[in-house]
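Before any questions on how it binds or moves, here is one chain, the form predicted alone, in structure tokens.
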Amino acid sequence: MATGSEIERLIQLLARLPGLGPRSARRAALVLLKKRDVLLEPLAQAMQDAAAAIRPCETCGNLDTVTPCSICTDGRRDPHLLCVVEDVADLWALERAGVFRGRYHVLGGALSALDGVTPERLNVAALLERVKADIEEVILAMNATVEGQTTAHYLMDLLEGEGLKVTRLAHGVPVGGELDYLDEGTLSAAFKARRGL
């Protein structure tokens, strides 16, 4: 394919995005270039504006244009509840669901010996400082992966002596899920977390 270096660079950068491989990146680049006025230029401006204005919240780690972020400064949220998540994407998912009205703490990842992610590389020290200030319950909303569960156990051990309630999200059969389609790990977690009716 004979293209200019600018087009190749655009394709290569698009291919780095999650869910886009080289072929999808080429198609996306072509659409952007064909719709330069209505798509490419506004997207480029929006990305430039976002890069200049958005930064991590100094309190929780969320992304916003102000710090502390709008969630941390929202007076309607329960300041005694703290939900710990691995990543900003997890925080945004919980916000979309509308199931939590407390405050958040973003760790910035999960423990992983293979990837060299140690507690020092995560936002654990700030978490330990935050729980000393009027927090009654810490909810560990880690992903149901080996790394997520390792991180949850590590944090449970750290928070055990702090005199607060530490809970985890339930794991198991999703609403509307059929047993035949679930993996063994999900079924195992569902059996271990079963409760009376």
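Residue indices: 1-based, along the sequence shown. Everything numeric in this text was worked out from a predicted model, so none of it was measured.
Keep in mind that the form predicted in complex with another copy of the chain is not shown, yet the notes after this line are about it.
- Judged against another copy of the chain in the predicted complex with a 4.5 angstroms heavy atom cut-off, the residues Leu63, Ile71 and Glu95 are in contact without exception.
- Between another copy of the chain and the residues Met47, Leu128, Val146, Met156, the one pair within 4.5 Å by heavy atoms in the predicted complex involves Met47.
- Remark: of stretches 35-43, 135-143, 162-170, 148-156, the one touching another copy of the chain in the predicted complex is 35-43 (heavy atom within 4.5 Å).
- Another copy of the chain is not shown here, but in the predicted complex it comes within 4.5 Å of a heavy atom of Ile11.
- Taking non-hydrogen atoms only, Leu182 never approaches another copy of the chain to within 4.5 angstroms in the predicted complex.
- Heavy atoms of Val99 never reach within 4.5 Å of another copy of the chain in the predicted complex, leaving it off the interface.
- The shortest heavy atom separation between Asp78 and another copy of the chain in the predicted complex exceeds 4.5 Å.
- Residues Leu13, Leu14, Arg16, Leu17, Pro18, Gly19, Leu20, Arg26, Arg27, Ala28, Leu30, Val31, Leu32, Leu33, Lys34, Arg36, Val38 are the ones in 13-38 with at least one heavy atom within 4.5 Å of another copy of the chain in the predicted complex, listed in sequence order.
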